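Next comes just one chain, in structure tokens: the form predicted on its own.
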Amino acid sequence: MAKLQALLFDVDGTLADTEKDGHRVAFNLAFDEAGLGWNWDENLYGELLAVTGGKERIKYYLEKFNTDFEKPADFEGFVKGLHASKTKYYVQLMEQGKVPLRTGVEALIKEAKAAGMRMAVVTTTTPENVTALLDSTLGKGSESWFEVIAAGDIVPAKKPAADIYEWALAQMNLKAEDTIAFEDSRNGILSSSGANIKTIVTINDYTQADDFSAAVVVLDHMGSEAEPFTVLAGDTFGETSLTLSLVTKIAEA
């Protein structure tokens, strides 16, 4: 039987509610700076989450929701510049402590670190965004707790493709059965399960109606003593928060 050797964490929506309160806000600030007059409200942003990756999301918006926009001659450069501006504002929001970690996240990560459990970040967001979130929530230097940061454009095909998880496994010299992933969305579970990795899902407002039939456990959040999680699917062995012991039981069951 496989023994759990590493925890693989998605970022946006899993570690923190960064989509609604971080990325969406930063996109709107970038649009304002560019004088575009665009505004992504919460409902529209929920629809845009069908596509992973910030640059890809801008393109999707123009293809499906703002088809009258006249694209500049250097469209790729335009998108890249807009996304860079958005990243700048996102980092500022993180530095201001605008987005806290979700319930139970800090406790699990710190317990895993203390136990010497290997950890990695596996996400489509940029490395700068990962650093900004970790620095603002877990403290400067906390990025070093994660053996691998698989982020951004490190692989050509982003989630729901399995490539980013397969890349992380290769970097860590691990097999899928040695690990467990933490995700929050349909694109995320398609990516992790596509790499044959057992996955625990914590839903959020944007993803609560997604199909998570491929997950081993689905929860409303990771839980704590003060705020127990609600089990939506799977077996948590009667426990009410995601301790390292429980995660190990789930992974090795």
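Numbers follow the displayed sequence, beginning with 1. Remember, it's a predicted structure, so these values are computed and weren't measured experimentally.
There is another form of the same protein, the form predicted in complex with a small molecule; it is not shown, and what comes next is about it.
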Subject >> Interface stretch in the model of the complex with the small molecule - options 117 to 125, 95 to 103, 70 to 78, 170 to 178, non-hydrogen atom within 4.5 Å >> reply: 117 to 125
**OP:** Although the small molecule is absent from this view, report whether residue 52 comes within 4.5 Å of it in the model of the complex, heavy atoms only.
**Re:** yes
**OP:** Find out whether any non-hydrogen atom of residue 212 is located within 4.5 angstroms of the small molecule in the model of the complex, and reply yes or no.
**Re:** no
**OP:** Verify the contact flag for residue 193: yes if a non-hydrogen atom of it lies within 4.5 Å of a non-hydrogen atom of the small molecule in the model of the complex, no if not.
**Re:** no
Original post:
Is residue 27 close enough to touch the small molecule in the model of the complex, meaning at least one heavy atom pair within 4.5 Å?
Top reply: yes
Subject >> Listed residue (206, 31, 45, 60) with a non-hydrogen atom within 4.5 angstroms of the small molecule in the model of the complex >> reply: 45
